[in-house]
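Shown below, as structure tokens, is a lone chain in the form predicted alone; questions about how it binds or moves come after it.
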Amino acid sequence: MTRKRPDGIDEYDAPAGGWGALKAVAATLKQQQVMTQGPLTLLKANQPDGFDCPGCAWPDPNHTSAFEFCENGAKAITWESTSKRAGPEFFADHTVAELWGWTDHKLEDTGRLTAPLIHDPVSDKFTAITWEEAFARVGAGLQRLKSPDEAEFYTSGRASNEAAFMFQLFVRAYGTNNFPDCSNMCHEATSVGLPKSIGVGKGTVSLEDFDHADAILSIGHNPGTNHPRMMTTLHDAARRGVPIVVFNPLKERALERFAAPQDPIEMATFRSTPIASAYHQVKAGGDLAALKGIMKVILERDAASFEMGGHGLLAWDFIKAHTVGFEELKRDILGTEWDQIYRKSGLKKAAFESTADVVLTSKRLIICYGMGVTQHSIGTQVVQQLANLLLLGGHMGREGAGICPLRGHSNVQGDRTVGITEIPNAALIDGMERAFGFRPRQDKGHNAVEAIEAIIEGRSKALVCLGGNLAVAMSDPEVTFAGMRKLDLAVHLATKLNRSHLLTAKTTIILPVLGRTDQDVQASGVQSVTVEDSMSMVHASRGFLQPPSDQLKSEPAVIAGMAKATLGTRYGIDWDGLIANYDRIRDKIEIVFPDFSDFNKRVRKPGGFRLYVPAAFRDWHTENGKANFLVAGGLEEDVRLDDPEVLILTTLRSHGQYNTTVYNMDDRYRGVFGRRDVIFMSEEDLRSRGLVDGDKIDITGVKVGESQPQTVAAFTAIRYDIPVGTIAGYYPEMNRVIALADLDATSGTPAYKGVPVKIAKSAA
């Protein structure tokens, strides 16, 4: 007799995209009560005369289609343009203590914020406050600190270039470099690792390069959920016969097969296109071993070619002219034992042989990767091995070839480009002095983990958040939440309510801001903002909807208000003049960052312009002027893995969420409906622990340093096709078992994708 699957668990056999995606878009429009304006809003998304989707950072095509949005983009847009409102009357009916008991989904689903709010500790409610009083309270709170370094200034990747630039100007004029940023939690391993390899911490490919690639490696990402518009690109490549080789612990539906909603034949015939030509289910934390295995086969074959009188199989002319460090890499790779590679990666020799076949026959190879690579304790080193693999074949600075980090939020790359960094270099400091006449400090400030540690320890007493949901995004909420509640001042610029706002400080202020879809009118008229996508294209975004309330201000305007209240006339910065016309902000960006030359002129062209990416032209901005092969010694990233009871947890986003925002409780492609309290486990791992599909289990983190291991209790174990030794659960629920100290020491990125845990059958 077949055992019944747990409640809410079912098989989903349809392809990604297709009619399922269109039905989901229709349901989203209805749920968010935007049936009248919703379709029009979606048609303006990612268009030259419209707004940039507030979701992912995948670039727009040169010739934009009639509709250029995806299912999850539609969720992000309608989530923002909802007709639901959370005004002062809503908060008058609910205490913070009551709201704390709501789910994250329910909190954000209350709708758009409509007025500035301050927490009243007596009634435990948020009450309305005027903008003038709000700015005065923020300014007074920051002025009371003994040192500017007692404040932390967080930036979400949804912030525009103009808002991010104004924010870093305000903070540097205030006197600190404490810039925790959402990129610290996702692609910091890219930002830190690639400059040492190829001289730039960004991807080297353009969208057009995918039209010329003859092979694609896809490692550690789930495009069908996290950047669905990428699926059109992969769909087109697969239809051309381009091999797409995937390395992922889980088989993600979009990388198996995809039906393009814009393809009338596929939609009419209910057909789909296979995407992956080969799918290798690597263990969580096994990427380094997998990459060394691929390179070991390639190096062995290259040596065999020379032994047989050939000229080798590597791009030797490129290696000799453009690189340093090949011999050191070769010794490390060839010195790594196959038994180690197999054990750590969970793959067999055939996976490495077949992948090497694809790589060696390719003339134009692109490697795409996501947070499945970066969010490990050796994420920076793994990113550098991806660069090594490309350099072996000369796949840099060549049409149709290069490296493609898949960024998350729509401007997470742009906010770093325009100065949101805790490690300012001399060029940034010199540029700020040119533009504003003062020289900021150049010492290192706090990244995200360092900021939370300073808050927990009482060294930082104020937090200003330009968007985001920092406390929920961070690992170890047990200590993070407690630290946040000890702050003297917490300020949140936000479009919607989230859990971080409920971690009330002595003074907590919520400042409602315009969203990407809202029309932004300043003294000179309607304004555009700009964003940079994951391929360094900078383009304009102009909202057109009537804002939810006449009390909302734009992010640049709110930043200017806080700056004036805090700094007064310090350094003679004309805050009012800057926000009256955003062209003036862009003029200043151009002075600080010469790559933005003719910014206002170039960004007004449909599609915008691409920033210079030196490595894309074999211009290596490294210390030695060459591309560098870099060695990652060994394969083990954590001694705790020697314990046979330890499993490796990798965190996932469901199809019904984006980062910490949970749109609904479904994960359609994985067959999970109406719930998130599940852990995906292999049949073998269940059986070896005396468990069956549907059992309740407790998951406990393994001690890191001085951390106290935390437990997530009574989650349901789900039988799933996943490598033995690897389990998976949803983010941010699983953050509880991740110690704050469990991170990549090089980049500071929390190890969300490689968490050692132990499980036990739940007493409940």
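No experiment lies behind these values; they were computed from the predicted model shown. Position 1 is the first residue in the sequence shown; the rest follow in order.
Omitted from view is the form predicted in complex with a small molecule, to which the following refers.
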Fill in the blank from the handout: In contact with the small molecule in the predicted complex (heavy atoms, 4.5 Å), from 136-144, 283-291, 454-462, 543-551, is stretch 283-291
Practice task
Mark residue 556 yes when one of its heavy atoms lies within 4.5 Å of a heavy atom of the small molecule in the predicted complex, and no otherwise.
Solution key: no
Exercise for the section: Report whether the minimum heavy atom distance between residue 252 and the small molecule in the predicted complex is within 4.5 Å. Expected result: yes
Handout entry: Touches the small molecule in the predicted complex: residue 409 (any heavy atom, 4.5 Å)
Key = yes
Handout entry: Residue contact check: residue 333 to the small molecule in the predicted complex, 4.5 Å heavy atom
Key = no
Problem - Contact assignment for the small molecule in the predicted complex, among 470, 562, 585, 189, heavy atom within 4.5 Å - result: 470
Fill in the blank from the handout: The listed residue (244, 194, 652, 341) that reaches within 4.5 Å of the small molecule in the predicted complex by any heavy atom is 652
Practice task
Indicate whether the candidate residues 108, 222 and 753 are all in contact with the small molecule in the predicted complex, with contact defined as any heavy atom within 4.5 Å.
Solution key: yes
